[in-house]
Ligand SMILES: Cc1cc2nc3c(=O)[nH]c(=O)nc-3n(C[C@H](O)[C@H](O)[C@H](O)COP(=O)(O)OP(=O)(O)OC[C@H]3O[C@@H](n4cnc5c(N)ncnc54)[C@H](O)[C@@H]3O)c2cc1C
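Single chain ahead, written as structure tokens, the form predicted on its own.
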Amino acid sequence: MTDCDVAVIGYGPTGMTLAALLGQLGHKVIVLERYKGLYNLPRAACFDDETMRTFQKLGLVDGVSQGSVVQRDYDWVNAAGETLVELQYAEAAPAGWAAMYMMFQPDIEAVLDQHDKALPSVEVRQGVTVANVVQDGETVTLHAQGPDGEPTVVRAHFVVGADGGGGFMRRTFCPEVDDYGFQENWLVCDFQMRRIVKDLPMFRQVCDPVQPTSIVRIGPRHHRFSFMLNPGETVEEATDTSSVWSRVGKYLTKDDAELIRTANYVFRSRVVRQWRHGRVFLAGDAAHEMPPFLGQGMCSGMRDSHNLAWKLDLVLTGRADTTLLDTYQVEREPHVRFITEKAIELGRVQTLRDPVQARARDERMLARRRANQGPDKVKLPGLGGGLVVGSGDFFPQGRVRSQEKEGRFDDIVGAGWCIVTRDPKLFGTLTALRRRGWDALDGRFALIASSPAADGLEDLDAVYTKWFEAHTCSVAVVRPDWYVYGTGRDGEDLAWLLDQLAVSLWKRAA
């Protein structure tokens, strides 16, 4: 039997990220993965600025950038090729990185895999199938079978199931799901490019009622075409190589690219009803599945990992009670449901099969373009409830300059809890007791200045000046996952926030 702090079941992006974050904090992590090697096929196609900020935290930006490209725009066209919607992605989004990156997932997973296996406190066991999970109130014991059939037993303080929607952990702990009923059958075709193809769409939705199609570059050297299967069309017919080349013939030839994969996917929209079961948690696709129309599936799983990692750290190090972990689903589920529902809404608009309804949609969207009315942008919500006081907004990352160096906020200030203020007198109002409590959390302080200051950070692009003005506050207590615990206007407000935080971390069960 092997003991560890946290056992992670599943070694996709969600599990890899959780292992990396916990390993970075020094916790002993054992990952159990049923496949003997990396999956090595692309599933997700993109990630956002918050995900890149997570890669930044792990020190993986350079590696990840080798398998991804910044995407600046996204368009929808109708069957006649007329542009219905044209979206522009920000070059500098709130997390301090570009708003959208297109990726080749195997390249990204290879970077995470190398990172995880180099961490001294992380052990990755591949080819291991979990067969039973037993809890005793203090620990969780996993009974599994190794790659050669040998029995494997792991005992952990906590277990996180990140083995997907059809994995062992969901089947065992929460087969009950809320199904939105939005389910679509698609053919996904991936190509490795041999050369640059002029006029090949980089990110396009073809809203053709005869054949709804998605065209996406997936990283610097690959491209994906996805086709909604027609009624009565069999998987065998759809995945036939000659049929695939016929579908993409308008855009690609065999001289342009190599077909490396065809797969039939059923896009689902399901959320499990209970994410925590004692000392066992579900994360990523094991907890929620969403259609791909917002490109947030992998991002959502990585947010789950980030949310869990710092909370598990506080509990494992004795700085918070286990009831803190009850805030995981409270915070993450509404966020996931918002994204899922918005993705369904977009998917229904994009994939109309009725010609009359599709024509009416086209006319509405073309009229908006003629009137110079841009498309509504999707803004992800903050955290409602859980370990937040107020709106739980995401705290931005801007460029700052200290007396010694210049760079992105996280690189200059560091990771973890942070009190950020533009009031130079505010830190001096904290009592010794509150300072000790903050130090116990490894909390940091950051003073924001609009111009060079000896003891502050110069706000180079006015990101923080604008944020404080928009939130009518002078101080923010920011969590390790960059969501705002609470804001205030003065030292009295800050004292109240820190007192509330201390109480919340130790809300022992009655």
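For clarity, every value in this text was computed on a predicted model and none was experimentally measured. Note that residue numbering follows the sequence shown and begins at 1.
Keep in mind the form predicted together with the named molecule is missing from the figure; the text below concerns it.
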The stretch from 39-47, 479-487, 61-69, 466-474 that lies within 4.5 Å of the named molecule in the predicted bound form, judged by heavy atoms, is 39-47
None of Cys299, Ile419, Met228, Leu346 but one has a heavy atom within 4.5 Å of the named molecule in the predicted bound form; the exception is Cys299
Answer key: of Val130, Val336, Val400, Leu112, within 4.5 Å of the named molecule in the predicted bound form (heavy atoms) is Val130
message: Residue-level question: is Cys174 within 4.5 Å of the named molecule in the predicted bound form, judged on heavy atoms?
response: no
May I ask you to check whether Phe394 falls inside a 4.5 Å heavy atom distance of the named molecule in the predicted bound form?
no
Handout entry: Proximity of Trp245 to the named molecule in the predicted bound form, heavy atoms at 4.5 Å
Key = no
> With the cut-off set at 4.5 Å between non-hydrogen atoms, does Tyr265 touch the named molecule in the predicted bound form?
Replying inline: yes
Residues in 1-36 that come within 4.5 Å of the named molecule in the predicted bound form by at least one heavy atom, in order, are Ile9, Gly10, Tyr11, Gly12, Pro13, Thr14, Gly15, Leu32, Glu33, Arg34, Tyr35
